[in-house]
Ligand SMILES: Nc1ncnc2c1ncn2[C@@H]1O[C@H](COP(=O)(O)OP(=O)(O)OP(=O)(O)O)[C@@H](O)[C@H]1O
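One chain comes next, on its own, written as structure tokens: the form predicted alone.
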Amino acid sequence: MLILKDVVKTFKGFTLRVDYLEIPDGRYVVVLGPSGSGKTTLLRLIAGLERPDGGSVVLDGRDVTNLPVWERDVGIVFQSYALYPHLTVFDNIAMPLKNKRLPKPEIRRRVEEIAVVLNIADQLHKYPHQLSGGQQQRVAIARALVKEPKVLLLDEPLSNLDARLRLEVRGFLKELQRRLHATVLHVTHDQEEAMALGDLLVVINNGRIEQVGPPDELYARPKSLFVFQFLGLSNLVPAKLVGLGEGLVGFRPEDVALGEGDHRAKVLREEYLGPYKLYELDFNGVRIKARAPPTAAFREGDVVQFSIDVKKALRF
């Protein structure tokens, strides 16, 4: 188990504060937040690439706050993969074991084993420039896993891949984590990626953790306006517009039923997205989004009736 307690890190006018964060064993945990929110700083503090100004980082009951990277039982995969271009795939993966001065037969056994797990056993003789982006990423993951770390840290691991490969590798990462029962901490700004991968999400904004929990809980029951608006598509309207008193009311596009109900809005835009259509509406001067079946036939300029599932509406 990984625990961060009262951790503070300040630099260039930015401060990251983590009062308490617990990462349980064997879970896929995704740290999600916008650029500049502090998520990579959090990862670097856990890795030992940065030292906190205060607080503690505890891994499996051992305080590692002031230990250097090589004395922490973590594996790291950087956004750039950081492979050595002059070394073969085998030697790239073997590097952490050579640094530990393990016997050569043991190094070969472990490299070949992890290469099979990551489906790159036939690439061990090649150099990084001879590999695809997805293969390079697998080599970087193999290098991080070969020393059998307690925690695998992934910093924006899918951002350098094209859209189709990103989906493929996303599935592979989840399968790998399940197969190895590994503890993974994955940093991203991509909400869909986070929702698809995470057993737990850690949503961070402006240096503070906003909420921690399973994706469905954060989506349906966000504790702050930031979490509500950052996770998925959202609508936010004055409560009085929908007859719910004062303040603001939030609801998701899928909680809007078009073609029925007491409210009226003008269709501004229609997007066909395959399994569904997404409509943008002008509702008394406020723009809202509504999700509808792909067969929906509303057109730009139409005035449509709609209702909102008030049981799912959130007050802010």
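A residue's number is simply how far along the shown sequence it sits, counting from 1. Bear in mind the structure is a predicted one, so any value in this text is a computation, not a measurement.
There is also a form predicted in complex with the ligand; it is not shown, and the following applies to it.
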- Item | Proximity to the ligand in the predicted complex (heavy atom, within 4.5 Å), stretch among 268 to 276, 59 to 67, 283 to 291, 30 to 38 | 30 to 38
- Quick check: do Phe11, Phe14 and Glu156 each get a heavy atom within 4.5 Å of the ligand in the predicted complex? yes
- Task: Give, in sequence order, every residue of 228 to 244 that has a heavy atom within 4.5 Å of the ligand in the predicted complex, or say none if there are no such residues.
- Result: none
